[in-house]
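Just one chain is shown here, as structure tokens, and it is the form predicted alone.
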Amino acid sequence: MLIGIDDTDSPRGMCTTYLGAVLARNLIREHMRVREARLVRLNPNVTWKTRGNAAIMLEFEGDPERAFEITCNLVEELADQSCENTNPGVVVAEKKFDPAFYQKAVTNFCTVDEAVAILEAAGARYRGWKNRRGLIGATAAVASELADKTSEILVYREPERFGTPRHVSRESLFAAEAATFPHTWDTVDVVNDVVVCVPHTPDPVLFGIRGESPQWVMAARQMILSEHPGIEQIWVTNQGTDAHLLPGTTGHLQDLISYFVSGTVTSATETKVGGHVSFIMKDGDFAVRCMAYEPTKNFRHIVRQLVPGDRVIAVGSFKKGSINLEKLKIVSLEKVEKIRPPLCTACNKRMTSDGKGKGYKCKKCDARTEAPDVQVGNRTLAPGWYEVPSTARRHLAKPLCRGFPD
């Protein structure tokens, strides 16, 4: 049996994963066995998402009718339906749906009608609240098949602490990162000296540790000192897998879809107001702007070193005519030539220009030459993959510590 839930949170509080963790315990109290808890991130560019566009799925053994009743009652109790964008959906199914629906939901857009058609065809139990948009994510979670998967342990607060300042030892977070990286990631941003895994919103999450396996996230979690937690849940997830990315070509990119795109840099980089850095790249007849926004911090230093002629692969979401960079591969670097007046062979002094098209002249001995001194400049940039820091990384983006994209 499979339970899918989506869209129960809001910017003011609640968290769909917390509701799922509570539900798992409620099912166990009803003598049902929970075999897996899955956290599924969907298209991060969805404009109506409440926060991180996550849905959850519980695989369980037990009475589906009773499980459906328990789940709906819990949604009624915990979901923040006062928020306009919170539109919960619950699905209980006896078998998985076609994974093509999940693939579309994580890379593109689905409709409520598409979800309902799948649910009706499968004879699944389902309920949607308000505009029922949560049925999309709930259906996608049940349909999900994860070719690549990671783990996250989410530690939740005691309910009486919701909305109050969190107390998590900064030193223990940095120590956990140092001890378990690269098997865990995004606990902290070492380069920018920032804690990443502790949220700032008034939701139930105290902190979360992402990593390769339940064993590694638990190893890091046990090193962390904090206020007394409430419940904890290890989730199987598609986070850190690049599941949202599609191959794309310039001139054929769809708004709010995320891509790998190859091209050649055709313009010098520009730093705009606010510290955002951009460049233009082209593949064939079509050009596209690539953006590294201010929150990507030191990643912008890499982007600023690009010059026309460099071959790159840009990775990110396409929005309003620009690729918002998540990663960048430098395939090859253009040689940078520096033209200077030549040295006088007699005086060992730099000549000066004798006028446009007239060559160069030594001021000391009047020696002349036509040829300039052409030097190939040294570039500190090297081919390879570069990524935004942990503070700017999306949930689905695969960190380079997990390996390089094909």
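Numbering starts at 1 and follows the sequence shown. Fair warning: this is a prediction, and the values are worked out from it, not measured in the lab.
Only in words, not in the display: the form predicted in complex with a small molecule, which the text now covers.
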Does the small molecule come within 4.5 Å of any heavy atom of Leu381 in the predicted complex?
no
Using heavy atoms and a 4.5 Å limit, would one call Pro64 a contact residue for the small molecule in the predicted complex?
no
Under a 4.5 Å heavy atom criterion, is Ser267 part of the interface with the small molecule in the predicted complex?
no
Using a 4.5 angstroms cut-off on non-hydrogen atoms, would Phe109 count as touching the small molecule in the predicted complex?
yes
Residue among Val217, Val315, Val142, Ile136 with a heavy atom within 4.5 Å of the small molecule in the predicted complex:
Ile136
Would you mind picking the one in Leu154, Ile323, Ala105, Val92 that has a heavy atom within 4.5 Å of the small molecule in the predicted complex?
Ala105
In terms of non-hydrogen atoms within 4.5 angstroms, which of the given stretches 355 to 363, 342 to 350, 28 to 36, 49 to 57 touches the small molecule in the predicted complex?
49 to 57
